[in-house]
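Next up is one chain by itself, shown in C-alpha cells, the form predicted alone.
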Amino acid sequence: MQFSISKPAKYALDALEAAGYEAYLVGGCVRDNLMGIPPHDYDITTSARPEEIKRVFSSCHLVLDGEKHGTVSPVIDGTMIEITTFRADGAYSDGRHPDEVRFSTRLADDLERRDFTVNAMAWSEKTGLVDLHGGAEDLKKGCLRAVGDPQKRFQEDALRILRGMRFASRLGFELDPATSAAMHELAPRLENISRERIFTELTGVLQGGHAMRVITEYHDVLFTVIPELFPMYMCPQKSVYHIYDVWEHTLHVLDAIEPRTPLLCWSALLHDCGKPQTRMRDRKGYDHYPQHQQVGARLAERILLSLKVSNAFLKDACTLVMHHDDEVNPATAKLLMYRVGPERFEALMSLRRADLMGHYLPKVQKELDAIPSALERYQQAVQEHECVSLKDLAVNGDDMMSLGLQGPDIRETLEQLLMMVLKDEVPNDRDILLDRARQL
C-alpha cells in the first residue's frame, strides 16, 4: 500500500526507528490515506518515552506543552509533528480527561484507548498497516463504530459524541447501531464539557457536507447542548411561502448555505430562532412572526455568548440574523450595506439566498432572482466609493449648524439625507443635499 507522507513526518519516523524505537503514523492521517484524502497533518505514536523523544530530536526546536501526557512536538522544516508515547489511559472521573496516563510499551494499548475504529489504525513502512479493531473494513462500509464498548468510550469522554457527529457529517458515514444508541443515551454527559470545545466540534458538524442528515438524526444531542433551539422543533409555519416547519426549514437553509464558513453555518442555524417566541396565527389560519429578526438576534447573542465565541464572530452572526429577512434588490443594496456594513454584505446575500431556497420556491423566485443584481449593485458601490455611511455624506454637522439646526436635529437631518442617498432618491452632492436640508 502506497502511503502519502510528508518529508517532516518521514524524517521523524526514520529518526525514531534509527534510534531503536517503534514508531507509527496513527489516527486521522492513516484514515485519510486509506480514503485517498491527502492528510493535513501527521501524528506519530512511539515506544520512546518523552525524555527519549527529546533526545532523538535534540537538534530541533521542541514544543513541550503536552509533555506530561507523553507528547513532544519537534518542529522539522517549519512543520510541527506531534509524537506521543504509547499510552494506556486510567479512569476518567471527570468524564473528559483520564485521571492518569500510563506509558506503555505496546502499540495495542495505545490503539485500544482511541474513539472510533477508523481512527484506531497505525502504519509504518516497516510493518505496513496495523488494524486491530477492523477500522479498514469499517472505512469500506462507511461505518463509524466505537472502539470496544461504546458506553465505556462515551462515559470516558462525552466529547466523543460530538466528534462522532462531526466525522459523520464530514465523511458521510453512518453510525454503527450500538454506537449510535450510546450517543443518544449519554448525550446529557455533554453538560460537563467546556463550552469552547462544544462550539469547536459543533462548528465541524455544521460545516460538513452531510450536516442536515446528521443533525436530523441527532437533534436531541444538539438540543442538549443548545436547549434554546428546542422550541424550533416542530414549530408550525403555515404560510403560502413555506412548505416546512421552522426546524425543517432551518435544516434546509443549512444544507443550502455556501460557502460553508463557520460564520455562515452558525447564522443559518440561528437565523429563525426567534420565530417560536413571536408566532401569531391570523383569522385565516396563517402564521406570522412579527419582529422575529430582532428577537432572534437577541437569542443568538445569548447562545453564542454561552459558547464563548469571539466578539467579532458574535457581532457578525447577530448582525446577519438581525437582517436576514430584509428586502433584497438593487434598489436596497446600498441601504443594506449601511445596515450590516459593507464587509458583511456578501455574507448576508449568501444567507438570504439559502434562506429563500428553504421556502416554497414558486412564491420567492422573484426575490431569489434579484440577489445577483443586488450583488452587482454592491460591487459597483464599492468600486466607485459611493456613499454608504454618514462619514461618506457630502455634508456634515457644521453644514447643518450653518442652516440654524441645533442638538438632535443635526443628526436626525443628516440621517434623513443619508437615507435619500442610500435609496438613490438624490445624488451625494453638497448643494443638492443642502437644498434638501433646508426643505426638511
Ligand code: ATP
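Quick caveat, the model's predicted, so the values are computed rather than measured. The numbering used is simple: start at 1 and walk along the sequence shown.
What follows is about the form predicted in complex with the named molecule, which we do not show.
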Looking in the predicted bound form, is the named molecule within 4.5 Å of a heavy atom from each of P262, H324 and R344?
no
Contact with the named molecule in the predicted bound form, heavy atom within 4.5 Å, among R213, R170, R279, K363 goes to R170
R166, K275, H359, K334: which sits within 4.5 Å of the named molecule in the predicted bound form by any heavy atom?
R166
Is E52 a contact residue for the named molecule in the predicted bound form, using a 4.5 Å heavy atom cut-off?
no
If we define contact as a non-hydrogen atom of the residue within 4.5 angstroms of the partner, is H249 a contact of the named molecule in the predicted bound form?
no
With the cut-off set at 4.5 Å between non-hydrogen atoms, does T319 touch the named molecule in the predicted bound form?
no
4.5 Å heavy atom contact, D32 to the named molecule in the predicted bound form:
yes
Out of the stretches listed (44 to 52, 24 to 32, 397 to 405, 61 to 69), which one is close to the named molecule in the predicted bound form, meaning heavy atoms within 4.5 Å?
24 to 32
Can you tell me which bits of 290 to 324 touch the named molecule in the predicted bound form, meaning any heavy atom within 4.5 Å?
none
